[in-house]
Each structure stands twice: as structure tokens, then as C-alpha cells.
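Below sits a lone chain in C-alpha cells, taken as the form predicted on its own.
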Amino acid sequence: MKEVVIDSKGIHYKVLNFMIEDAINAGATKIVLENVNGQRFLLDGVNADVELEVHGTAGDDLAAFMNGPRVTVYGNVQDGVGNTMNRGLVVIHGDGRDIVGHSMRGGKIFVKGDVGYRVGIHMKQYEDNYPVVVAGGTAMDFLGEYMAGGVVLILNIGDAPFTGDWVGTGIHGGVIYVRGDVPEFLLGIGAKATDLEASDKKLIKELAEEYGRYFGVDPKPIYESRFTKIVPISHRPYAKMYTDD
């Protein structure tokens, strides 16, 4: 393994991204970024077998359009992590902000803590290729908005009542799981709560175990809890706005 360490303190995000690109082109298989403080677009569009380790707070659009690398963040991330990501893994040892997984098409994002608004918006899938977003804490409003595919799993480890409003607004594909109860009045247009099947329980168990490996958490009390499953009412939630069908 060829490891490159970069001190990111005070480096403009454009310069830092050029430095990352140069390291990859020179054969680096692991890049460690120290003192990251909001630099944007880290590892965007990268299609390489490389590992990125971020120490600090990653800026907007971390791993956007990413296709294969593995990213570990020892800190928080700002908006848009995994935007239109195709493949790879992002593990965040902190909190995520808004639109985590925006238009994500594949790969996995694991967030140890909470996530913000519109997480999973426009996520999609093609056949067996689908994206996964897992958050250990809770999520804010418009979770899974306009989802067309994929899986969003909110583990709600703190056990506080889930209060995110407009869950699944416009959802027409994919599935949202929330540990605990999600009152019907919190569901958005086009979303409904339904019973878990054996396949749902198996998937939740697998993802909770993976979460536990990354963050040193016992997954058994998590996956043995009650979960609410939220799915689309139909694949055309707004059809009557435009047609008479």
C-alpha cells in the first residue's frame, strides 16, 4: 500500500483536490487528509481503487459522482455527501447535514450520528444496483423525498420519538425504515407505512451489523427493535395533477 498524507490546513479546496488527483495519478492507494476544515468536493468523480481518510469536517458534496473508492471521515460532513454517487463506501464518524445521498445511484453511506433535511432525495436504482444510506441517530424533515429506489435506514439509537415531518413525500420507489414509531401524520404525500416482511428484517439485521462493525456498537438491540417501514402508495404519486388517469 502506498500511503500519502496531506496537511489540509489553510489549503483552498481547488488546490487540495488537485493534490488528491496528483497523488492518485502517482499510484497512491490510501490518502490521509489532516486538518480538513470545510473543503468541498473531496474525491468527486473519482473512479479508482483508493481509500481516503479525512480528519476534520468535510465540506459540501464529499464523494459526489464517486465510483468505487472508500472514504472514512473522523468528524462531521456538510451538505450533499454522496451526491449522485455510483459505487463505493462512505463511513462518517460524526453527523451528516442536509441532502445526504442526493440522487445516489449505488454504494453505501453510514453516518454514526444524526442527519439533516431531505436525506435520500431522488435516490434511485437500476435492477440489483441500489444505494443505501444508514444513520445511527435521527433525521429531519422530508426524509426520502421523491425517492425512486434504494434503502434509507434510520436507527434512532437515542430512542427519542421520531419527529421528522413529511417523510417520503413524493416517494415512488425504494423503502425507508425507521426504528420506532412514525405517526401517520408525519408521512408525506404518496407515502404509507406497512408491515415488515422476513426479507425486510434480514436486510435491517445485515445493515445494523455492518453499522456496528464500523462504529463499535452492539447491533442486536437495534435490529431486534420494532421498525416502521415506509413505501410508496403508487409509482405515480402526482399522476392526477397532470392526467385524468
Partner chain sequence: MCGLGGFINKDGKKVDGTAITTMGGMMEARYDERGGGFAAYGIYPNHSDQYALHLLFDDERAREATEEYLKDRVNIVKDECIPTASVKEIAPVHVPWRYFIDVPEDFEAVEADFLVDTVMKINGSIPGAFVISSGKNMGVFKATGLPRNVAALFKISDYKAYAWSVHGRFPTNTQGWWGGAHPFNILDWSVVHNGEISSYGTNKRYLEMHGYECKLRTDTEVVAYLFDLLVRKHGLSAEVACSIMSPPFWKNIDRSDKREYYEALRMTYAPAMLNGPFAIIVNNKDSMIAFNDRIKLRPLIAAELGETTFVASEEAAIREIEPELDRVWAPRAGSPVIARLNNAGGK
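Numbering follows the first chain given and starts at 1. Treat the numbers as computed from the prediction; the structure is a model and nothing was measured.
Just so you know, the form predicted in complex with the partner chain exists too; it's not on screen, but the next bit is about it.
The three residues Val132, Thr194 and Thr228 each lack any heavy atom within 4.5 Å of the partner chain in the predicted bound form. Stretch 157-165 is the answer when you ask which of 100-108, 123-131, 157-165, 83-91 has residues with heavy atoms within 4.5 Å of the partner chain in the predicted bound form.
Under a 4.5 angstroms non-hydrogen atom cutoff, the partner chain in the predicted bound form has Tyr13 among its neighbouring residues. Not displayed here, the partner chain is approached by Asp60 to within 4.5 Å at the level of heavy atoms in the predicted bound form. Lys112 falls outside the set of residues with a heavy atom inside 4.5 Å of the partner chain in the predicted bound form. Interface membership of Thr29, defined by any non-hydrogen atom within 4.5 Å of the partner chain in the predicted bound form, is ruled out.
Residues Tyr117, Arg118 are the members of 103-137 with a non-hydrogen atom no more than 4.5 angstroms from the partner chain in the predicted bound form.
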